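Here we start with a single chain on its own, the form predicted on its own, put down as structure tokens.
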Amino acid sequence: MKSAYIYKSIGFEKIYIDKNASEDAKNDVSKSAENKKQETSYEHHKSTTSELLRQLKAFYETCKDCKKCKLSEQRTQVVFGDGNPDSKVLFVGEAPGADEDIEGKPFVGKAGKLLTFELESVGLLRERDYYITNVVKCRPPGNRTPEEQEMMSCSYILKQEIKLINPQLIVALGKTAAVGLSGNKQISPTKLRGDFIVTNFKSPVLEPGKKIFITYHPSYLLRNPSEIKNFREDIAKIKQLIKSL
């Protein structure tokens, strides 16, 4: 599927595209195309039969009727994480949107399609290379930013996800994710993107001293397409970090 079609389908009319980055991405995809089907099939089978995934599903079953905050009053369903927890790479976003609330999976709407496309462009597949979830598991009305009390009420799920997955790399997608992971309300992804922050005692889900890599939430890119170049730089760093795990 052509990138122009992908961007048009998720709301982009015009976007800055780094030609060199685009060519590198094409080459990356081309190199892996021959083995992609076999690798994906094998890794997907491995993840869906893993003990870790069974543990996550069992935990999620205990949370599916959660009513710890007012978001439970309007949701269609609780939206838990998705992907391969055995990868030890965890992406964390903000909250489900309308599409996620209906489908029951994170990052399947316009922002999710953009993120998936950019990650696949450097050879990172959800079913094989990472697990993805949100700070808040129920859709806030009108897709508003989750309130502090809602984030704290939902933190027990994210905390258990992190405990079970024991990720070696955690990526915060946007400010809400960074705040939910670190407890630091003063974080600015526009200033800190592409780098790590270190948690302290304020984090509701992580022990002090844990590193979190920060980049933009893909919904921010839908509103600010000129930042796609910086986002791609961050994705390239993430790809290198994964290689070093």
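Being a predicted model, the structure only gives us computed values, none of them experimental. When you see a residue number, it is the position in the sequence shown, counting from 1.
What follows is about the form predicted together with uracil (URA), which we do not show.
J.: Please pick, from Ala95, Ile165, Leu114, Val171, the one residue with any non-hydrogen atom lying within 4.5 angstroms of uracil (URA) in the predicted complex.
T.: Filtering the options by heavy-atom distance leaves Ala95.
J.: Under a 4.5 Å heavy atom criterion, is Glu100 part of the interface with uracil (URA) in the predicted complex?
T.: Taking the distances in the predicted complex, the answer for Glu100 is yes, it comes within 4.5 Å of uracil (URA).
J.: Does uracil (URA) get within 4.5 angstroms of any non-hydrogen atom of Phe91 in the predicted complex?
T.: Residue-level check for Phe91: no, no contact with uracil (URA).
J.: Examine Arg193 and determine whether its closest non-hydrogen atom to uracil (URA) in the predicted complex is within 4.5 angstroms.
T.: No - in the predicted complex, heavy atoms of Arg193 and uracil (URA) never come within 4.5 Å of each other.
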